[in-house]
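Just one chain is shown here, as structure tokens, and it is the form predicted alone.
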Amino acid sequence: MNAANSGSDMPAWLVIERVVRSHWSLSARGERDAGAVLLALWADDRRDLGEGFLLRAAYLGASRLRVIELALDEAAPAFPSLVEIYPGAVRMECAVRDVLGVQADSADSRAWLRHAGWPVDYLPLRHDADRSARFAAQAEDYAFVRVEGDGVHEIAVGPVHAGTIEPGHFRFSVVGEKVLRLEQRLGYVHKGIEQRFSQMDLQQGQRLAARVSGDTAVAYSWAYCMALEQLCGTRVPARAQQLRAVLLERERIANHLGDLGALGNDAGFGFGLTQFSLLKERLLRANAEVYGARYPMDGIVPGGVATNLSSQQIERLREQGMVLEAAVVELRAIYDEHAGVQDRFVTTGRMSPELAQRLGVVGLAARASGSPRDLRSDLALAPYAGLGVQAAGSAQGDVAARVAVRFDEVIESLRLCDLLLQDLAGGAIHAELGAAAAQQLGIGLVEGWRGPVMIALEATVDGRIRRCHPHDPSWQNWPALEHAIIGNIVPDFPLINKSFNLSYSGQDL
């Protein structure tokens, strides 16, 4: 039963169902047994609507997204933990506790987002929270799990790192250089994004969504706009859909090029870094030339896109695509034939298909471990339905497999861009939005370069954002990295870490 959106026109791939408490865990087990992954878990304070708290879990199957809702007691908003069914749920459950006081009956009571930045009884996403409150940080111990035994010692890395990466703490338990256990702690720069969304109107929300995780700006923009257009019943013109896909594929290519260079460098092959950095720079300069920005964060807007392409610009992008493809094919052959690179890549940081499935890994990392799911082919939403998207895949699950998937995806994205650009539809690039259906749930779902990006959006009656929850695939994949390093040596961690290249910002909301 679709209790929340009974009056809205939902897409065929989306199912929303409200269950009673006794069916919450049963639904999760049913989804797991059917092969679905837990994509997101979030909660909402609905006391301003005369209700209590509402918990939601989104399960992504092969051809649909099912959102299960559970109404919680206002006085004691607790719920059955999903950790035994989906181990990756633990951090999402900790997050809803830290920001809303909605408590799972799981064993992990450690603060995940707070970092002593606010008192335990201050719940920033509750409607009655004092938005002007300021708190002095206080020392707070985080009880890392300790490994006992002869010769075992700990190596603490971060949260402050060399270079410009974001803060995250990694606690290694090792014997010699062999890693027995890795435990992460993230959330050091909690930005209050979900609260900030609730202070914006629906049009403004796209700009914030694009900045949740800067390297995934296009995917987040598209997901936000998809959710909003769903609430408004807006049909986006065909040309705008195609131009959106070109932006998304160029974002995928840029990130993969950067990672392929960095992975070569981490394997001691500086030539790879130089060559892929050059290719990425040329792509970004073409973006600046065509879209007016190296990273076109606001290229996708509600109703369509911000920039049309002239025939000269189309040819410019197509020509660049052909040059890029030839260069990437040549560099792949060099990587594949370089004994030193392959020695570092092959068998390093292996995550078996069974483990990936158990942990609910998604996106690129899952495709490298035997799960070829890709929203562009599985849901085949516009404009991908007629393009015959070929999902990359491998069953090896090591660094070499994650590198191979990146190479395959670059070539496929270049092919898709060329198809889209040579057959662009005519007509408008933007449609006006009508009034958004209030207090109903809109879902945007896009295959970003790391994996599925989701936006859950609700509007108020006066056209503002009531609740917006952005979800990054890194939530699922950070725990998998803890397992992939086990049995490897400490010096291989940068290489394994880069082979996943997960977002701190995307889950540090």
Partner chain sequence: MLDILKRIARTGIVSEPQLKLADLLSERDTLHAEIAGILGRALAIRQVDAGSCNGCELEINALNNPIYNIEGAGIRFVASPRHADLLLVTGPVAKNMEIALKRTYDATPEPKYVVAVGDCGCTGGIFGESYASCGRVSNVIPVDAEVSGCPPAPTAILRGILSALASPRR
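All values derive from a computational prediction rather than experimental measurement. Numbering follows the first chain given and starts at 1.
Unshown form predicted in complex with its partner chain; subsequent notes refer to it.
Asks: Have a look at Arg171, Arg415, Arg110, Arg207 for me and say which one sits with a heavy atom within 4.5 Å of its partner chain in the predicted complex.
Replies: None of the others qualify; the residue that does is Arg207.
Asks: Please pick, from Arg211, Arg318, Arg358, His430, the one residue with any non-hydrogen atom lying within 4.5 angstroms of its partner chain in the predicted complex.
Replies: Residue within 4.5 Å of the partner: Arg211.
Asks: Select, from the options 67-75, 359-367, 237-245, 294-302, the stretch whose residues sit within 4.5 angstroms of its partner chain in the predicted complex by heavy atom distance.
Replies: Selected stretch: 294-302.
Asks: Is there a heavy atom of Trp118 no more than 4.5 Å from a heavy atom of its partner chain in the predicted complex?
Replies: Heavy-atom contact with its partner chain at 4.5 Å: present for Trp118.
Asks: May I ask you to state whether Pro159 is within 4.5 Å of its partner chain in the predicted complex, using heavy atom distances?
Replies: Yes - in the predicted complex, heavy atoms of Pro159 and its partner chain come within 4.5 Å of each other.
Asks: Hey, in the predicted complex, is Gln312 touching its partner chain, heavy atoms inside 4.5 Å?
Replies: Although its partner chain is absent here, Gln312 would stay clear of it in the predicted complex, with no heavy atoms inside 4.5 Å.
Asks: So, Lys280 and its partner chain: in the predicted complex, are they within 4.5 Å at any heavy atom pair?
Replies: Yes, Lys280 is a contact residue.
Asks: Candidate spot Glu166, Gln195 and Ser503, all three in 4.5 Å heavy atom range of its partner chain in the predicted complex?
Replies: Yes, all three are in contact.
Asks: Taking only heavy atoms into account, state which residues of 181-202 are within 4.5 Å of its partner chain in the predicted complex, ordered by sequence.
Replies: Contacts from 181-202: Gly187, Tyr188, Val189, His190, Lys191, Gly192, Ile193, Gln195, Arg196, Met200.
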